[in-house]
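Just one chain follows, in the form predicted alone, and it is written as structure tokens.
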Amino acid sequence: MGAYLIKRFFLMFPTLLGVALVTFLLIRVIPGDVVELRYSGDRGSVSQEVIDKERARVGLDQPVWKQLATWLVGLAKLDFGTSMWTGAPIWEEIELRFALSLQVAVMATVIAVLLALPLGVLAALKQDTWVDYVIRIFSIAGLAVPSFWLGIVFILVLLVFFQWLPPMVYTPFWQNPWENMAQLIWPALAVGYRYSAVSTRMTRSAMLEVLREDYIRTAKAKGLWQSLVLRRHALKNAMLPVMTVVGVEFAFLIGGLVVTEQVFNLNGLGLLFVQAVAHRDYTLLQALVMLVAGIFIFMNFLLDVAFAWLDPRVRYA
């Protein structure tokens, strides 16, 4: 198993390099740059000399290959440089927003798993009964209802029926846990419900497939308790596709909650992505893409580790 994990670990680096190259080149294809955007309102009063000096200050006057080499060297040192728009270090721009987005993603994942696993297993055990139909309606509704719309409903219900609104200013958990949870539990519930709908349907499908296998019928024929058959034989094997869905969705939540963050007034990575694109802030946008790509790749590595632990056939292959 050690050789398998070492191989999977080192495969992450060429993937990251490929993402870095594609990201750098695609961003340069976007028309305009941060300097043109900054002086677009003063086009008549700003001389070309000023624009050229500003481009030189942010490094846009250098050849593309040299910009790429400088960025890759900084990336190898985990130094993303400074923002072209604000001039602040990119790590400072990302730090607080990343903590917020990560906490929402973790809370939404926990809520989704706590809902999806028991509901998916119950739906598979009670296939084609009223219990199964209720759970399927619950999951289909979660897929159909956008999380930002559900967030708006949460806010209206809290305001109309309880005359209370969640705090509008983000407070880190270590400063005031109560205010932090009072603000982030609602977006986590809105996102986690939709997230659980996908996981519930996957859990149900995987359990139905596993429960029809011969080794499950053999275990039942030997007189094993149903709870033991489910826990030791069925659920462990059904978890492989479910874990894939959970891992990929978790990585997506880190930077993909733009509208939900707007609804709950959260200044997370999703909003920072939009601002970086709007400002043509190449360095910040490259750093954000690499951060999210790194999370996706690392999550895939953890899934490979989990698969090797759950399924011995992966290790043997």
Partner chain sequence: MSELVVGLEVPSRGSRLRAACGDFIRRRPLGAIGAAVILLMFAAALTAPLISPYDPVQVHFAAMLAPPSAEHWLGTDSFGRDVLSRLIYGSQTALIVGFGASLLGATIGALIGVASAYFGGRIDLLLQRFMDVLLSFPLIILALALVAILGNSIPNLIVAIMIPMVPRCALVIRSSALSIREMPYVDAARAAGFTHSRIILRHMLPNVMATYLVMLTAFLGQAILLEASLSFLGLGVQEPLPAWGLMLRGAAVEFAETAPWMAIFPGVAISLAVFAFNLFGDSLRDALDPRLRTQ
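Values in this document were obtained by computation on a predicted structure and should not be read as measured data. Under this definition, the rigid core comprises the largest set of C-alpha atoms superposing within 1.5 Å between the forms. Positions refer to the first chain, counted from 1.
Missing here is the form predicted together with the partner chain; even so, the following discussion is about that form.
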item: One stretch from 93-101, 109-117, 128-136, 174-182 that, in the model of the complex, holds residues within 4.5 Å of the partner chain by heavy atom; value: 128-136
item: The single option of 292, 34, 60, 272 touching the partner chain in the model of the complex, heavy atom within 4.5 Å; value: 292
item: The unique member of 143, 189, 240, 72 whose heavy atoms fall within 4.5 Å of the partner chain in the model of the complex; value: 143
item: Complete contact of 5, 88 and 299 with the partner chain in the model of the complex (any heavy atom, 4.5 Å); value: no
item: Residue contact check: residue 64 to the partner chain in the model of the complex, 4.5 Å heavy atom; value: no
item: In the model of the complex, residue 22 touching the partner chain (heavy atom, 4.5 Å); value: yes
item: 4.5 angstroms heavy atom contact with the partner chain in the model of the complex for residue 263; value: yes
item: is_contact(residue 205, the partner chain) in the model of the complex, heavy atom dist at most 4.5 Å; value: yes
item: Yes/no, residue 12 Cα shift of 2 Å or more between this form and the one not shown with rigid core fixed; value: yes
